[in-house]
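Consider the single chain below, provided in structure tokens and representing the form predicted on its own.
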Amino acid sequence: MNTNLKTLLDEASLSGYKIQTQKTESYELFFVHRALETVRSTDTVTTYVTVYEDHDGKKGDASFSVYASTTDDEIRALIASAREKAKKIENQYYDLPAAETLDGAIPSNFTEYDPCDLASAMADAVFDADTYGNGSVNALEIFINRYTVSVVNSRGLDKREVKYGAVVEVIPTWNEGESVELYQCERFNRFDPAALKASVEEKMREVRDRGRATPPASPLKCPVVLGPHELASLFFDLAGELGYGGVYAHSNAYSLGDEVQKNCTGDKLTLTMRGSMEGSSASALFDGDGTTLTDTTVIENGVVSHYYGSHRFAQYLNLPATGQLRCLEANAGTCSRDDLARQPYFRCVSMSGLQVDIFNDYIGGEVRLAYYCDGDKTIPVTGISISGKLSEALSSLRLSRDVTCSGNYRGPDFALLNGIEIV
């Protein structure tokens, strides 16, 4: 942060201000096949200033960026311009978070490694899974980041945290007749070489099967199984309807006490929004306003139990400020893999993106690769879509006993849904 920035803001006699700073130290590797093409190390700082202006019982705000090269005179001009813009904004009045201090860190085993050694170990784990004659890792990019994040405001709030995150992007390719490829992105802040290798091995098998898959010979009628990526998308969509901002704007699909799973015949769903989870690079101690993050269960046993959200909208609704929570945990269920194998099922592996429309009671999407298990054999299929009523899918939901952690999601490894059409 520019050492004079806070002084210049104080001198401007503003109604309020907030300074958000993120320093990112990264170490990056770029491979084409197994050949290391580029090694890059960066050290960047981004600083955003928000100016608040109270007027006519309202609160306005405007933001600008500050760089290391920005002079004091330029900062003064930016402050004056932002102040004029803020005077034109008429948000309902609210107070900024007040005097809190914190200097913390998110636990990560990245601290046990030199960044160069850690990146090399991640590359080794990926290439250890590259053992197929007709398949290969076509491209690999590894980003290891150390973030130092701070929020300071005019009411004495001063918080800082250090956290880590890795992004490993892999493109596995299969060449057996027509060449096909899939994309895999792993995000984590705890390195487990065996887990990374296993994940890439699974994707290598999937790209092999994607090349061999064909459209089903006849219409399929059986339960649909979603994996952790699609479940995370579904559950975040449900939880997103319970944010303070949507409640304040009356745009939320669900309200407190609503049954998300009406006439439930499957496993009751419990969703908890969390500030941090072990292994997740989305973990944080506070949000962009400096609000301390408070874990909140938003759906409990299929019923909406709480809302969650920012300091500002918490004041509007007269509810506790939980902060903007970025991690989600879902409860395990009762469905085992043996239970799954007792009936035919259609397991989605790669989708163009799960589509969920809560207001129109829809769930579906294009399926690029799936496995149809008929009780005797497993057949890779492609060229199909799924479509159904969200309410029926949620009511019949069977959650796996096994739990996995993927990105900012921890929950069932799979879920079985009835009433979904395979077309």
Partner chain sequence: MAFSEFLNSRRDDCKALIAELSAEFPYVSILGNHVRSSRIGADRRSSVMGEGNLSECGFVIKMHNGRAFFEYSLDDVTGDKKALASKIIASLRVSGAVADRMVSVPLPEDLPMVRSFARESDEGTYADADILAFCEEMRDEILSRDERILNCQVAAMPFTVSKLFLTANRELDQYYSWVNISTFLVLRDGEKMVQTYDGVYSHLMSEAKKAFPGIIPGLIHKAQRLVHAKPIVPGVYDVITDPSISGLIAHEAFGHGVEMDQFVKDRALAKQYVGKYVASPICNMRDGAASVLSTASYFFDDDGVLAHDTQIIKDGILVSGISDLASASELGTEPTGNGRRESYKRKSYARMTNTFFEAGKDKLEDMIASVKHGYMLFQTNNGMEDPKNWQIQCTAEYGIEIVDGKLTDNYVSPVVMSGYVPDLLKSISMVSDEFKIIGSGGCGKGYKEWVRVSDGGPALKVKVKLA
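Everything numeric here is computed off the predicted structure, so don't read it as measured data. Positions refer to the first chain, counted from 1. Think of the rigid core as the biggest set of C-alphas that the two forms share within 1.5 Å after superposition.
Not on display, but discussed next: the form predicted in complex with the partner chain.
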### Query
Taking heavy atoms only, is R210 within 4.5 angstroms of the partner chain in the predicted bound form?
yes
### Message
I'd like to know whether D376 contacts the partner chain in the predicted bound form, with contact meaning heavy atoms within 4.5 angstroms.
### Response
no
### in the predicted bound form, K88 touching the partner chain (heavy atom, 4.5 Å)
yes
### is_contact(D114, the partner chain) in the predicted bound form, heavy atom dist at most 4.5 Å
yes
### Summary
With a 4.5 Å heavy atom cut-off to the partner chain in the predicted bound form, the contacting stretch among 192 to 200, 320 to 328, 152 to 160, 347 to 355 is 347 to 355
### Query
Honest question, do A139, N252 and N360 all end up within 4.5 Å of the partner chain in the predicted bound form by heavy atom distance?
yes
### Task
Could you tell me which one of F236, Y132, F110, F143 places a heavy atom within 4.5 Å of the partner chain in the predicted bound form?
F143
### Query
Though the partner is not shown here, which residues of 49 to 83 have a heavy atom within 4.5 Å of the partner chain in the predicted bound form?
D61, A62, S63, F64, S65, Y67, A68, S69
### Message
Using a rigid core superposition, assess whether T38 undergoes a CA shift of 2 Å or more between the shown form and the other one.
### Response
yes
